[in-house]
Ligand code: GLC
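The data below hold one chain only, encoded as structure tokens and taken in the form predicted alone.
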């Protein structure tokens, strides 16, 4: 009987121990699940949709990076939705989708001049700088991500205008706009010469605004950009007229409707002495085989280093259903490794300083030191919600001046001031 009694006591003790262990396990499991659910850093599951313009990188490196993200995050696969290659059409489509409020888009790939507009309208989320690593980004590209004292995006790729020139026809790159103008005038007077002028982006779109601003900035007696690097035309009517007159003088005959692609075609064909274009033009001119360069070329800073900064920023949509996952993707696409891949393999200028010191990048792109200086010295377009309106008013006046010989409106300064505030016309007495 004694043995039976002892066994009878052992059974409940064993089950009690098992129950205790199971209880602890259940508590731990419950705690772990609760931690996952309540963890502010946990990524919300589901697809991440990225709205972007056309990928101009070599070999589609943006998609390559997205594929890498998808391998690492199968629960948050990302998908790029590409829009029109025209910047104005991209902006219109992005605004329409943001205004719909349907939460169909998680990340927006914005032109640097759109960040303020989308932030002011409440279409993108601000980023908590205490939780985002911004050290290592180039200063000016990062500056385009700020508006109203807050960080709204991270810089995806940067851009700055460069001067492409014919080393067989000029002694070297002109250091001033006066020098460039002299080279053009002398080349036109040379018997048998077919290279005519400065092929910039002169069609009636944002490219014309950029090209005109660069000439205006280069014609001023004093810097038109303040300590923040932002251009300000107020009170600089003389530089405005001088810059536009010079642009009309050095442009190819008839001031043709050139965009980035047609500028490259004109320069490659040997019909332009100089070309202003973005870094992407370098690989188009340097490629071998069919479609290779028709003329020798070299690349330098624009005269006086007055390039306008370009580029794109990645922002999280305000109505994204997966804001943490979207931000994680943005940080992945802008980290040092991704930026190195985008530049070395894809040719898109990096926004991280360290990439410009990478030997593989320097070997592939001999002009990288020039590019780094161009970005560092570049001027910024106004970071304002109504920049698009400002640009439209400005380039309409510029287009009339260049192509139709029209005088600049006497109240252009007032028109531009009104446009920057989102108004169509100046207020009387302004």
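Computed from a prediction, not measured in an experiment: that's the story for all the values here. Numbering follows the first chain given and starts at 1.
Heads up, the form predicted together with the named molecule isn't pictured, but that's what we're talking about next.
Colleague: Using a 4.5 Å heavy atom cut-off, which stretch among 202-210, 133-141, 231-239, 324-332 contacts the named molecule in the model of the complex?
Modeller: Single hit among the candidates: 202-210.
Colleague: Which listed residue (119, 112, 272, 162) meets the criterion of a heavy atom within 4.5 Å of the named molecule in the model of the complex?
Modeller: Here the answer is residue option 112.
Colleague: Can you pick the one in 219, 312, 339, 317 that has a heavy atom within 4.5 Å of the named molecule in the model of the complex?
Modeller: Only one listed residue qualifies here, and that residue is 312.
Colleague: Is residue 295 close to the named molecule in the model of the complex, meaning a heavy atom pair under 4.5 Å apart or at it?
Modeller: No, residue 295 is distant from the partner.
Colleague: Flag residue 356 as yes or no: does it have a non-hydrogen atom within 4.5 angstroms of any non-hydrogen atom of the named molecule in the model of the complex?
Modeller: Contact with the named molecule, no.
Colleague: Would residue 260 count as touching the named molecule in the model of the complex under a 4.5 Å heavy atom rule?
Modeller: The answer is yes: residue 260 has a heavy atom within 4.5 Å of the named molecule.
Colleague: Report whether the minimum heavy atom distance between residue 381 and the named molecule in the model of the complex is within 4.5 Å.
Modeller: Yes, residue 381 lies within 4.5 Å of the named molecule in the model of the complex.
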